[in-house]
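A single chain comes next, written as structure tokens; it is the form predicted alone.
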């Protein structure tokens, strides 16, 4: 007897119990129509991942249990089809991250997650207790084991399933994305599962949830650990997996891999789309400056939401260069986005005049610079209120790290599209945007001059970013080492960086914590992003830069 399994890579929304159940039902319809005997869905597919403190609400758990019961009864619509659903389950008063196997209107088996991650973006030990008692069920004469996500990163769950006679392992996952994460997943699965000579079906969540992006990229490994089927990334997708009458795994479609820059771009598009739409906004608003950060943000927003759902706003001051106005207009036109222009000089004069009696003069340079940024923030938020569209901020990770941003100014907004993208990555993705447009026969959205000219906030005459910051290539490498990879100061210095520059970067990084704590959420695409991954105190007298080893 042959066995067919549908791996359903779904985009679940946290808390949308009815909507998520409908997605699972539609997956079961597709599986049944194709003659499958099993449909596998992602981790916590019924409630979305991560539900966080919703799990502490008894009403949420009660309603989730009710919707699950309804779904179990509905499996009678698909005779012989086993539906594997991820959900929270109360077990003797304790909460377990679970997977229920339902078939023919009844519960066939229920598995509880064994390994509970409590690092990086994960805090499952806050909510769940470990279970891990092996569960093996039969379908079409083949014995199938169950595991959930982190269980694959250790060897115990796979070993226990194998000992119970499992001939293949079904793994429900909500594995968040960072660059090249799939290489880690494959390596771990091969190390801890393939050594048991057991085929593995890895069903991963897809979609954006606040700061997290789930890339899908579900896959199937044969008993030797070779990839024999793979879903597309950053979209909902199905994999159909067949086992022959002899029990051999039949190779299926393998989606094409994406370059690191393409991964980053698609993750930012998906994160932006899901944050805006799942939270009920009517579109996005981008303050367009003529610089590369806002141009890339606008391009991502247009790809995520559609050009007609995005508004670009140019807000020139007396310090705005004519080429910035030209480049902003060219960018918006190439993307098909409506561009509005609101000059801020009259408001600058009004604020200055009102504050002069208190200041005893027009105010200092930094005061005037930040005032411009904050006027722009007020205008963008007014447009947001009027249109129901969400303001998308344009600051990159290098700037956020150094505090090269203005609270209640350019940091104003609901979602920070490129928050986890270092400046060098901004340039690479800008070029990728242009290459894709050119290949499709469309105008390049980001003018070459925008890419080649020295970046500037244009808040005073002849200003450039490098007046205040180290060169971006040097700054980015220090941040990549110290922030993203967690290297020691010794390692950073050993890489050849100037001692004084490293000290300056560490000092600004520490002093800017209070700004980052107030920043809008944004898609996490690196192994360590500001936000969920980065939890340093604001009030902090441990001056990292003064702990640097002395030169010998």
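Since the structure is predicted, the reported quantities are computational estimates derived from the model, not experimental observations. Numbering follows the first chain given and starts at 1.
Beyond the structure shown, there is the form predicted together with a further copy of the same chain, which is absent from this document and is the topic of what follows.
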Candidate stretches 72-80, 443-451, 374-382, 85-93 - the one whose heavy atoms come within 4.5 Å of a further copy of the same chain in the predicted bound form: 374-382
Non-hydrogen atom within 4.5 Å of a further copy of the same chain in the predicted bound form for each of 404, 434 and 508: no
The unique member of 259, 468, 367, 333 whose heavy atoms fall within 4.5 Å of a further copy of the same chain in the predicted bound form: 367
Proximity of residue 277 to a further copy of the same chain in the predicted bound form, heavy atoms at 4.5 Å: yes
4.5 Å heavy atom contact, residue 3 and a further copy of the same chain in the predicted bound form: no
Non-hydrogen atom contact residue 528 with a further copy of the same chain in the predicted bound form at 4.5 angstroms: yes
Contact flag, residue 359 vs a further copy of the same chain in the predicted bound form, heavy atom cut 4.5 Å: yes
Heavy atom within 4.5 Å of a further copy of the same chain in the predicted bound form - qualifying residues of 193-217: 209, 210
